[in-house]
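Given as structure tokens, the chain that follows is alone and in the form predicted alone.
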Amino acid sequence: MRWIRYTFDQKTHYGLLDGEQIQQVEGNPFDVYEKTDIFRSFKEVKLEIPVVPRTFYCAGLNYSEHVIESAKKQGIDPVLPTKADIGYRANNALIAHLEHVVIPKDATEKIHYEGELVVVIGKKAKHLTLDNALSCVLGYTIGNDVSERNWQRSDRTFWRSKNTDTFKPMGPWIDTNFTPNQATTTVKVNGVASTVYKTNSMIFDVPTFLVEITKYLTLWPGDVMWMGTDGSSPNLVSGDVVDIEISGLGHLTNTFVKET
């Protein structure tokens, strides 16, 4: 089942993907809902981010090659994390599939993508175990964790390097049947593959992160957990189109444009 959030005639709805059509739903995937007899085509609607999260969690360094590449660029020895490292991002940065990532006027040339698997929480949860952690998961979507790397190094926090408006594309839908076990993540820049990796080759998997979070924090329906990335990104410039495909899940595509 694929849940889509979209706007038609100035009203935002949830719907279910049915072939090439979207079947409108009264309600939402986190609560009671009913299917309607209303169908829309993609051309009729504006796709929105598939959920506005109550809390936006993110994994720290969670793929070995990404850790190694990051260390190499800093001229230091790589050190793999010994536990799941959890951070936060800001909702203001979220944009939908096909919307533009806006590069600020004063940004440096170090604008990078990070193609990520995104976990969408469907049920309230606390004190999860490795055996039952996935019971709170509604499904998965795709994220692009855009970063301005020089700001990331110079600022005390990630307030602008990671959270500038438009720096967090997410979508296009929530897939409730997807599992990451056999999936491959491919990131293309202007149609050319730049990064390819096994989606599930994480240092710490989804259950481990959910268990760690819920030792201390309550997960709520609509929360999201971005799972990190592997490999490294080229410097992106205005006009570049970044397409993130997770096999079996879909594509998230966004064009980067310079602020005017």
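The model shown is predicted, which means the values in this text are computed figures rather than measured ones. When you see a residue number, it is the position in the sequence shown, counting from 1.
The following text describes the form predicted in complex with a further copy of the same chain, which does not appear among the structures shown.
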Practice task
Report yes if any heavy atom of Lys110 sits within 4.5 Å of a heavy atom of a further copy of the same chain in the predicted complex; otherwise report no.
Solution key: no
Exercise for the section: Classify Pro78 as contacting or not contacting a further copy of the same chain in the predicted complex by the rule of any non-hydrogen atom within 4.5 angstroms, answering yes or no. Expected result: no
Exercise for the section: Could you confirm whether Ser147 comes within 4.5 Å of a further copy of the same chain in the predicted complex, counting heavy atoms only? Expected result: no
Exercise for the section: Please check if Thr185 has a heavy atom lying within 4.5 Å of any heavy atom of a further copy of the same chain in the predicted complex. Expected result: no
Exercise for the section: Decide yes or no: are Thr55, Trp151 and Thr218 jointly within 4.5 Å of a further copy of the same chain in the predicted complex, with each residue judged by its heavy atoms? Expected result: yes
Problem - Option touching a further copy of the same chain, based on a heavy atom within 4.5 Å in the predicted complex, out of Lys123, Lys72, His127, His100 - result: His127
Completion exercise
Partner contact check in the predicted complex: of 130-138, 101-109, 172-180, 186-194, the stretch with a heavy atom within 4.5 Å of a further copy of the same chain is 101-109
Fill in the blank from the handout: When a further copy of the same chain is considered in the predicted complex, the residues of 86-102 having a heavy atom within 4.5 Å of it are Ile86, Gly87, Tyr88, Ala90, Asn91, Asn92
